[in-house]
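Starting off, we have a lone chain in the form predicted on its own, written out as structure tokens.
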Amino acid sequence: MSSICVLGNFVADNSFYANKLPMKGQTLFGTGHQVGPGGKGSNQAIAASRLGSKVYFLGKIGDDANGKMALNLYKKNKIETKTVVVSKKYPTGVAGIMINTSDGTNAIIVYPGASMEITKEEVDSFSKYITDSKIFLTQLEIKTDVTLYSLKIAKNANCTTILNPAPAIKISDEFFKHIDFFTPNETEAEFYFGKKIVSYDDAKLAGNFFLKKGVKNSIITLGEKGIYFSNKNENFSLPALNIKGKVVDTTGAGDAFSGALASALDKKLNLKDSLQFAIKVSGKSTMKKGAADAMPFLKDLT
């Protein structure tokens, strides 16, 4: 059966809501607090699974309460956990998230814990789950040498590879040669391109830059401006989902997009339909609080 393998991290999200984000040295009273599952890789795996794809999650958690939260979450969301490593040495990662309730924007600090400690040897022991998958999806929240190693395994097995370059950190040029779909947001794209991205024209230039590096398809997500797509045959923009006034929390919107793109490609949707589907799923995810908990199901998209 065709499937998706997601390599990435799980962290427990500690979210604080307030009417604005604090400035340096400032203490604010919040309007709410929530503890829930997060981590870009884990969120993306949940997004794809809730949309009907068979998903394996390859990651590392601690042998602790937050780790149990992860395993319960995967069980509930029908995600295969054969590939989840439980560490006795490192704790499960945690994230502190501050969310501005007036516009849904956020600021985040992540302590990756066990997820950063997954090794090439552990990836090797589960490599059959990568090579048997149709889609391999990953991010930059674990060690980059392990991520590159895994991308190479996937490409050698003719998997379609998706790299969501988040957080934006320095990677070698070798990475780009193994990426079929590159999905940065405008901030991440700016980091690699080296210039501000304000307009579709800027996004087009950045897309061409990524194609020259070796990426097959560049998809720059631009928040309320939608997305800009480039490959060697075509380039175009697509608008965001119109949900004015309904945005509650943008945490995880990029994860919803990447997970939905993987699911659409897994289901053999054509390129434009896959992008439209990912835009819709991403938009819907901003209408609920939290990250993993906000990932929509297929039934929510009607």
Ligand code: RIB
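When you see a residue number, it is the position in the sequence shown, counting from 1. If you're wondering where the values come from, they're calculated on a predicted model, not measured in any experiment.
There is another form of the same protein, the form predicted in complex with ligand RIB; it is not shown, and what comes next is about it.
Among residues of the shown chain, residue 258 is not one whose heavy atoms approach ligand RIB to within 4.5 Å in the predicted complex. The closest non-hydrogen atom of residue 40 lies within 4.5 Å of ligand RIB in the predicted complex. Ligand RIB in the predicted complex is approached by residue 251, whose closest heavy atom lies within 4.5 angstroms of it. Taking the partner from elsewhere, residue 97 is found to have a heavy atom lying within 4.5 Å of ligand RIB in the predicted complex. Residue heavy atoms within 4.5 Å of ligand RIB in the predicted complex occur in exactly one stretch of 121-129, 217-225, 84-92, 103-111, and that stretch is 103-111.
Along 285-299, a non-hydrogen atom within 4.5 Å of ligand RIB in the predicted complex is carried only by 291.
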